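Before any questions on binding or motion, here is one chain by itself as structure tokens, the form predicted on its own.
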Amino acid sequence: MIATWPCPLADGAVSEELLVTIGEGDAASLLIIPPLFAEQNLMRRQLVLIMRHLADAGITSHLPDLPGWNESLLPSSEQSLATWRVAMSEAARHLDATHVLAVRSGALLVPSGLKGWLYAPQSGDKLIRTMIRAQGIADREAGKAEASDQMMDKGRIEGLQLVGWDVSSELFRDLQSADFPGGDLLTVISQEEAGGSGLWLRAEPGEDLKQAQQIASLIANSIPSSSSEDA
């Protein structure tokens, strides 16, 4: 089901953002947090495929957009890590999420107190450096030349456009110091456990049925079924 959800904004207003929900089971309500920026586009088809396999296991999953993402009417240049974190916590509350699956840099937005999984989590600093490298390659192909350390300085002071995304100086600095959470509530799923190579490494969006089945199985096998809870 494709719908919208009321996302709170920093100024107290509300933005209606896209929400994809798959499943009608009651084993769990799983909040899915995609990677940020370009990897989000590369992984979206795979995440929906994972959601379909989770639905077969009786798990309802939700994939919400935040301001500046995908079909959002709000510009990415006006977003910050703090406002995204607040918005994702509100999404978890709004959707009555019992668990979370965060993918790659999406792990930076995990709401506190939720049990769940971090799939190949990535720190904010690594995300920024990856985007800087990708932008550097694109600039060289276009006949431009700017050293990565110059781009880093510019990002911290002025903000940057990185691989098609307008990243404000505030968001740039926030990401540089951001790391994903640890603790007993969250289990890391490595790419080795998922099998094959990460789809974020591809040039175009794609999907991998075996990986989707494996990730869904790892999650489903860790969530007690409603029938076992009733017993």
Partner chain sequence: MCTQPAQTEEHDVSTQEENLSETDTALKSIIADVLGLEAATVNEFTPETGLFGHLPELDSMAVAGLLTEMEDRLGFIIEDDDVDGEMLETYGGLLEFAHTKRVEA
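Positions refer to the first chain, counted from 1. Note that this is a predicted model, so its numbers are computed, not measured.
Not on display, but discussed next: the form predicted in complex with its partner chain.
Partner contacts here mean any heavy atom within 4.5 Å of its partner chain in the predicted bound form, and among 79-87, 123-131, 153-161, 106-114 they occur only in 123-131. The contact residue chosen from 187, 41, 197, 176 relative to its partner chain in the predicted bound form is 197, the criterion being a non-hydrogen atom within 4.5 angstroms. With respect to its partner chain in the predicted bound form, the three residues 138, 147 and 201 uniformly fall within 4.5 angstroms at the level of their nearest heavy atom.
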